[in-house]
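So this first bit is one chain, no partners, the form predicted on its own, shown in structure tokens.
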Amino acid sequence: MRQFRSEYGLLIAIVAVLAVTTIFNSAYLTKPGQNAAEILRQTSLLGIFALGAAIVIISGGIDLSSGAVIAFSGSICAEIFLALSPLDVRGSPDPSQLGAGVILAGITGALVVGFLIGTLHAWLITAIGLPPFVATLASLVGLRSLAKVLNQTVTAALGSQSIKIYVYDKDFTRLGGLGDLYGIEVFGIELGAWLIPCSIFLLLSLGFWFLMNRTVVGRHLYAMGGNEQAARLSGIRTERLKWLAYCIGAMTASLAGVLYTAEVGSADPLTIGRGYELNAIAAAVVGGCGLQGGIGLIPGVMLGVLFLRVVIDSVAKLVGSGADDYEGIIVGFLVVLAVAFNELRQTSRGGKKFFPGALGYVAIVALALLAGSVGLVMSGGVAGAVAGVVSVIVLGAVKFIESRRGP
């Protein structure tokens, strides 16, 4: 039971968020099936590359390139479609009638690109000696620009230069989870295409759970994340494990890039996947993965992704228009909260103080102002004042209790 304490906490938190949202908004009651399908679809799209990010974190690394890999692999997939698609009456590529073979070739090409990017990251980290932060930061900065240039080059060669590549094929766009599922019905209920990304997410979760919990490779990944030097001295081939971890991270991001391209029907490196690397890391951390490595469970990551999407969806329901502006605030707040909670749980017996001395007083003021600002922009001046005062009282109480413990 204690092993899954974080997972039970996440389940309770998900139910609590849904309950609070239902009290102030009736959308979950009037359209329960539609809302559930949309949350599960968005959870699956995010969860696919969050699983890869989690394995990198468990192995002791970090991958900041997920968003850029999504944009780059989606562009590669669309470029392969243009190169292999049949020609229309004007002699131009027709991306509305691709066929199964062309779609499979595009997806395979994107996954191969993900494998090569993961290999490059592992090489930079193990052979060259770059820190994971620097190696993947270079991809974060460079891949999106490279995708933009490649899209312009490919489309110019085909007669119409453009950064964005459109893909209209209905079989491909279904992979994004929108629309029907070829008219298939079960007990008179028509199934939606949202089941496709959900099925992919569940299959990947099952496969990664088996890898991490039932294989020697999984135990070695945990051991390397916990103490790389000890793992190396024990005879574990840490270089190969890092190669595996970073390839999994990049290939899951590539798969997500294909699905996001299918969702919007186009590959646009300027917008697709922007900021998603933070979402992937946030979902893994909220799901119980420790940034120091060696800690984390696949079921926890699945619940972390679901919790993140439920919170974002809840804010969208409560705020209405302009809710996207709050997504960055929510993700950032949840990351800090999850890391602080894990740190508090691990060090509570050591007498660690979170608000020591004068630094603690200033931090309390800063946190109260932050909480008040969030309350102000979301619900007005009264809510902002209440949030600020409550924060001062709660955090001040924590500091008082800490001061009673002595130095």
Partner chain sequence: MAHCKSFLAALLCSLPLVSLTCLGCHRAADSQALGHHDGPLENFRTGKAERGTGAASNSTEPKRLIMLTNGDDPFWDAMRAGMEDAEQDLKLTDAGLKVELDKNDNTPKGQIDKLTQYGNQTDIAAVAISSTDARSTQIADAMRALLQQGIEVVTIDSDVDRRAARDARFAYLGTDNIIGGRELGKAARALRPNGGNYAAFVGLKSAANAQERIQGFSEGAGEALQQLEYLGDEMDLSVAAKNVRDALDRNPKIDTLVGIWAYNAPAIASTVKERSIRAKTKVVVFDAHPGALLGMEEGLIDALVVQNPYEMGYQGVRLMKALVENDQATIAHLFPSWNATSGEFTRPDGDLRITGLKVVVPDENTPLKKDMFESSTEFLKLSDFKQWLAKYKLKGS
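Remember, it's a predicted structure, so these values are computed and weren't measured experimentally. Numbering follows the first chain given and starts at 1.
What comes next is about the form predicted in complex with its partner chain, which is not displayed.
Contact check for Y168, Y260 and K317: all three have a heavy atom within 4.5 Å of its partner chain in the predicted complex. Its partner chain in the predicted complex is not approached by V217, whose heavy atoms all lie more than 4.5 angstroms from it. Not displayed here, its partner chain is kept clear of S234 by more than 4.5 Å at the level of heavy atoms in the predicted complex.
Remark: L306 counts among the residues lining its partner chain in the predicted complex, judged by a heavy atom distance of 4.5 Å or less.
When its partner chain is considered in the predicted complex, N35 lines it closely, a heavy atom lying within 4.5 Å. Heavy atoms within 4.5 Å of its partner chain in the predicted complex map, among the stretches 74 to 82, 246 to 254, 118 to 126, 264 to 272, onto 264 to 272 alone. Contact annotation: of the candidates L376, A27, L369, A363, the single residue with a non-hydrogen atom within 4.5 angstroms of its partner chain in the predicted complex is A27. This chain lacks the partner; the member of A230, L206, I184, V134 within 4.5 angstroms of its partner chain in the predicted complex by a non-hydrogen atom is L206.
In sequence order, K164, Y166, Y168, K170, T173, L178, I189 are the residues of 159 to 192 having a heavy atom within 4.5 Å of its partner chain in the predicted complex; the partner itself is omitted from this view.
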